[in-house]
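Okay, here we've got a single chain as structure tokens, the form predicted on its own, with questions on binding and movement later.
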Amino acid sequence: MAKIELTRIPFIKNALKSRYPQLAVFIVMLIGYIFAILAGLIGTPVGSHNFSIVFVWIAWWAILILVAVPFFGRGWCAVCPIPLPGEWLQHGAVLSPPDKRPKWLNLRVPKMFRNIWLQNISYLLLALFSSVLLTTPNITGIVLAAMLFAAIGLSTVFERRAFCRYLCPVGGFIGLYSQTAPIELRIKDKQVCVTCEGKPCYNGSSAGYGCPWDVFPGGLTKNTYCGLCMECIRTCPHDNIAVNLRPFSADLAKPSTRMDEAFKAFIMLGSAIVYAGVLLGPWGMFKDAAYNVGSSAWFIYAIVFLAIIFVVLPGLFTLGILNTKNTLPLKQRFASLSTALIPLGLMFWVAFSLSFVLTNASYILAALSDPLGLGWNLFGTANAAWQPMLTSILAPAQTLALVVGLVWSARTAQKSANEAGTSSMPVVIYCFVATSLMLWLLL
């Protein structure tokens, strides 16, 4: 499939260049986000009837994992409300750049933090407390507020979107899996960027802001770090930037050599496996350990969780590729071949989320009518009874997702192995065993 330039369509191009459609979505999202914080803090403590739990961890999560990330990559980042207040303060404006910007510190993020290790850590912190986060509204409200204030604080100290780029726990895995999506933002002609003076797409101009994600579009080869904010489309004086429709997983043709990205793949793969076992499995002991935060059982659970992610999964992977004949250093081989785990991890999350979302989706109707649990019945659905949805197709859909993930990863492993000059068989076997385990946990 050849690339199709979507920005050749006048309606799409004009909608992306104009700030007003995006601003309208931003405002709606920000109002919803603030309401979710308030609902978590002052609404009912019953999670299944609280807007913050139901709409963040069921409705939003379903849209993110089942639709937004697989098909639009970083599309959520394009409308995420979290960086908005901080960015407006940083810019001193809501729409176009002002004549005079406010004097914040505007520091460069230290080089040692210009990676996704902090995002890996912040995600793991949320993951370890996820059982409480998913069921306790006030904890969800506190976490959502903390993310908003962290984004504001970092915007007044550092340049651009430091929170989104280096700290956001959601942005890390969206960036990882956005490589598989069929949407990309790329330049049309590299030579135009070479000769362009001032590089307004990166540095900004009177037409728009410099790239908030600290990315020079002329060197963009992967979706991982492009937040689809569309500022470069507005600032490019040569109309040299396009949004394209492309084949799935096009970015995976060139494997990563970064260890932070490699371990993100293991973090997401391991988290999906653990969640499937703890939240959907029949083992009450594991559930109790995960939910009793602070207890000795929970500390054991946390140690096991981290051991699976940082020791067991990467250790077995390393043993598998250790004896493959290759002149590349083991570290580079590890990072390159771990690219094959990206589509597998995405499909693990799709399969897990199908079960979690379809089991709990009926709560959305009740929470929509009575978002704070105060006895309201705004739309006449407050008393809608809980019932799992689409139970007859759940198992086949999960099985299909896992099989697609396995085949997808096997093909990616072949490409990565060819690039590294080694055999793909150990990685394919690893993916097959992991898929079999996930299938057993889910079904």
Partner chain sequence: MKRAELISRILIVVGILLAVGAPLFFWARTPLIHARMAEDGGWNPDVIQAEVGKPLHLKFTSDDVVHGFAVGQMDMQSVDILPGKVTDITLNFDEPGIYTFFCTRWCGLNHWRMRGTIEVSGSSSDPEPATVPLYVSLKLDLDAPHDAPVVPNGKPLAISGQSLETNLPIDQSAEYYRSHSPYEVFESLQNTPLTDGQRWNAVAYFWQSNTTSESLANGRQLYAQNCAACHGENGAGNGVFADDLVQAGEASMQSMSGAMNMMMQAPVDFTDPRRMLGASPALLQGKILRGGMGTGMPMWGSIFTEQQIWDLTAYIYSFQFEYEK
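These figures come from a predicted structure and were not determined experimentally. Positions refer to the first chain, counted from 1.
Separately, the form predicted in complex with its partner chain exists; it is not shown, and the next lines address it.
Residue stretch of 414-422, 379-387, 60-68, 393-401 approaching its partner chain in the predicted complex, non-hydrogen atom distance within 4.5 Å: The contacting stretch is 379-387.
Exercise: G92 in contact with its partner chain in the predicted complex, heavy atom 4.5 Å: Within the cut-off, so yes.
L23, heavy atom within 4.5 angstroms of its partner chain in the predicted complex: Yes, L23 lies within 4.5 Å of its partner chain in the predicted complex.
Partner contact for I42 in the predicted complex: its partner chain, 4.5 angstroms, heavy atom: Yes, contact at 4.5 Å.
N292: touches its partner chain in the predicted complex, heavy atom cutoff 4.5 angstroms: No, N292 sits far enough from its partner chain in the predicted complex that none of its heavy atoms falls within 4.5 Å.
Its partner chain in the predicted complex - contacting residues of 21-46, heavy atom within 4.5 Å: If the 4.5 Å heavy-atom criterion is applied to its partner chain in the predicted complex, 21-46 yields L23, I27, L30, I31, I34, F35, L38, I42, T44, P45, V46.
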